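Next up: a single chain in structure tokens, the form predicted on its own.
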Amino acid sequence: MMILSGDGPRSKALSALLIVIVLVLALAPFLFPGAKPANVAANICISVLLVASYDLLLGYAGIVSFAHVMFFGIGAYGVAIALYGLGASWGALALGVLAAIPVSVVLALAIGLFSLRVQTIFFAMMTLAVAYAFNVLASQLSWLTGGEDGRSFQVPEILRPGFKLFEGDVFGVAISGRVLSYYLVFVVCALLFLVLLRIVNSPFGRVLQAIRENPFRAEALGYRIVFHRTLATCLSAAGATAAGALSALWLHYTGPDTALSFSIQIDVLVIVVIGGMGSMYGAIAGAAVFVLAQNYLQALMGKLSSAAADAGLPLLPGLFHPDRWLLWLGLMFILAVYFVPTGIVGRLRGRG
């Protein structure tokens, strides 16, 4: 409770949902062996950290920023450049992470100091411009980043798929480098999530919420608004950088599409809204729902379309065609915003 600062889910239904999600993620390699389930589970873990770090900005500080994907990309490229240039060693991996985080924090500090005094919409547009410029820069510096093709690289031997920790299986699953990579991602994401949860429930987090609700009153009470917002931006950037580094380590590849695409930023915004803005627990619920839908909705619609066609039902086979999965995902998001504006966490907390 001291680690969490006494902030529990405050709902039996939400507690049960979070316990199920965390247990499934913790046991994913044993419950769902195979490449795709492991990839989905790893993406959920990384998305939880990325969304939680963004919610620190949007949900707690009330800052709308489109530069979050840039910090994610810095973490991914930091790991990729270090492992590609220095070789597959733990020292190169540590150097990549330790170089990427200060770069992100310095950029976040610059953005905070020069931009957070302007109005919300102008700040959002400025962060969008900075993120777009960084995307173009990464694509142009092909000698460093690999350009549009990105960088493929080797990871330390213990994390490679061909590595086996020991002979024999555990509950029918070989403890390979891929399994160890997954648990590295899972453990780091869990620890950093707890750090973010502690931050938002500290006195600093309470001040951020006060600034979000009424910045003029907070300033009148003596709180330095720019300082707190800038610090929140730096902490959020560090969390996103760590998520980007884990993503690169899991994929063994970094490129503009996987690390700097604006669609990543849109996905983060959608997950924040689905899970519940201003609640770290919303990152867990929202990421699980969104990533599962993103990976399995198309296959589910294919089965529905085939079943409707076999039953001779009119219109439904075309309506549920797998190619229209993004349409249905968008409709689900619209319905969620309309009927559950407080997100999954808000809804479950309201039910008790």
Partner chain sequence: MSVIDAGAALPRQRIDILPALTPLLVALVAAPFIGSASTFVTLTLAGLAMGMMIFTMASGLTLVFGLMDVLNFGHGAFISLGAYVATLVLLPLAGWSQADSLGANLAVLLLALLAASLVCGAVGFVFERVLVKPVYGQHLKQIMVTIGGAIVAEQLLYALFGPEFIPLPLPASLRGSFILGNAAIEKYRIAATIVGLAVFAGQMLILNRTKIGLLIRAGVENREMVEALGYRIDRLFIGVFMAGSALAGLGGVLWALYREQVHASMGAELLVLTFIVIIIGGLGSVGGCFIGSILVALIANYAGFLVPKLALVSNILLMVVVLLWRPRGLYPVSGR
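Remember, it's a predicted structure, so these values are computed and weren't measured experimentally. Throughout, rigid core stands for the largest set of C-alpha atoms superposing within 1.5 Å between the two forms. Residue numbers count along the first chain shown, from 1.
In what follows, reference is made to the form predicted in complex with the partner chain, a form of this protein that is not presented.
S.K.: Using heavy atoms only and a 4.5 Å cut-off, decide whether all three of V20, V170 and Y253 touch the partner chain in the predicted complex.
M.R.: Judged in the predicted complex, none of V20, V170 and Y253 sits within 4.5 Å of the partner chain.
S.K.: Could you confirm whether V24 comes within 4.5 Å of the partner chain in the predicted complex, counting heavy atoms only?
M.R.: Outside the cut-off, so no.
S.K.: L58: heavy atom within 4.5 Å of the partner chain in the predicted complex?
M.R.: So L58 counts as contacting the partner chain.
S.K.: If you check in the predicted complex, is V337 within 4.5 Å of the partner chain, heavy atoms only?
M.R.: Although the partner chain is absent here, V337 would touch it in the predicted complex, with heavy atoms inside 4.5 Å.
S.K.: If you check in the predicted complex, is A92 within 4.5 Å of the partner chain, heavy atoms only?
M.R.: No, no contact at 4.5 Å.
S.K.: Any idea which of 44 to 52, 318 to 326, 304 to 312, 287 to 295 reaches within 4.5 Å of the partner chain in the predicted complex, heavy atoms considered?
M.R.: Flagged stretch: 318 to 326.
S.K.: Between the options L98, V187, I266, V106, which residue brings a heavy atom to within 4.5 Å of the partner chain in the predicted complex?
M.R.: Of L98, V187, I266, V106, the residue with a heavy atom within 4.5 Å of the partner chain in the predicted complex is I266.
S.K.: Of the options L159, A238, M277, A82, which one has a non-hydrogen atom that comes within 4.5 Å of the partner chain in the predicted complex?
M.R.: Of L159, A238, M277, A82, the residue with a heavy atom within 4.5 Å of the partner chain in the predicted complex is M277.
S.K.: Verify the C-alpha shift of L326 between the shown form and the other one: is it 2 Å or more after superposing the core?
M.R.: Yes; that C-alpha moves by at least 2 Å between the shown form and the other one.
S.K.: Using a rigid core alignment, state whether the CA of A16 is displaced by 2 Å or more between the shown form and the other one.
M.R.: Not so; A16 is displaced by less than 2 Å.
S.K.: Superposing on the rigid core, I want to see if A38 changes position between the shown form and the other one - specifically a Cα shift of 2 Å or more.
M.R.: No.
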